[in-house]
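A lone chain, given as structure tokens: the form predicted alone.
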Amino acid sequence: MENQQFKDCIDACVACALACSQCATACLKEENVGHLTMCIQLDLECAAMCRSAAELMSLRSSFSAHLCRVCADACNACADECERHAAMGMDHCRKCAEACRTCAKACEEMATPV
């Protein structure tokens, strides 16, 4: 893997983790928080996965490519859920979905084939 590819993926993972954390926090402040439980759960899971993937890549771990595959899946699941809420005008979900899609693409490029 090229150094720039590692850096780009780490940057995308960090940005996604932040966007997911911000989205979860904003969801908790929404009026109908009960309808957002899946979104919040996926935000938290995706953020944790992105932080883990970034950490392993920074260590040049031999497991980073494997985790990137799972991270891409988590990002896509989170993006799917957030896009549903973004369509209802939740801007924090729109921003999160965009970060998740960017991260998923970067992680897919780093991932080993399944």
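Note that the structure is a prediction, hence the values are computed from the model and not measured. In this text, residue numbers run from 1 along the sequence as written.
In what follows, reference is made to the form predicted together with another copy of the chain, a form of this protein that is not presented.
Enquirer: Just checking whether A86 would be counted as a contact of another copy of the chain in the predicted complex - the rule being heavy atoms within 4.5 angstroms.
Expert: Flag for A86 set to no.
Enquirer: So, I10 and another copy of the chain: in the predicted complex, are they within 4.5 Å at any heavy atom pair?
Expert: Flag for I10 set to yes.
Enquirer: With the cut-off set at 4.5 Å between non-hydrogen atoms, does T102 touch another copy of the chain in the predicted complex?
Expert: Looking in the predicted complex, residue contacts with another copy of the chain do not include T102, since no heavy atom lies within 4.5 Å.
Enquirer: With the partner left out here, check for me: in the predicted complex, does some heavy atom of A74 sit within 4.5 Å of another copy of the chain?
Expert: Flag for A74 set to yes.
Enquirer: Within 48-76, which residues have a heavy atom closer than or equal to 4.5 Å from another copy of the chain in the predicted complex?
Expert: Going through 48-76 in order - heavy atoms within 4.5 Å of another copy of the chain in the predicted complex - the hits are A48, M49, R51, S52, E55, L56, S58, L59, R60, S61, S62, F63, H66, L67, V70, D73, A74.
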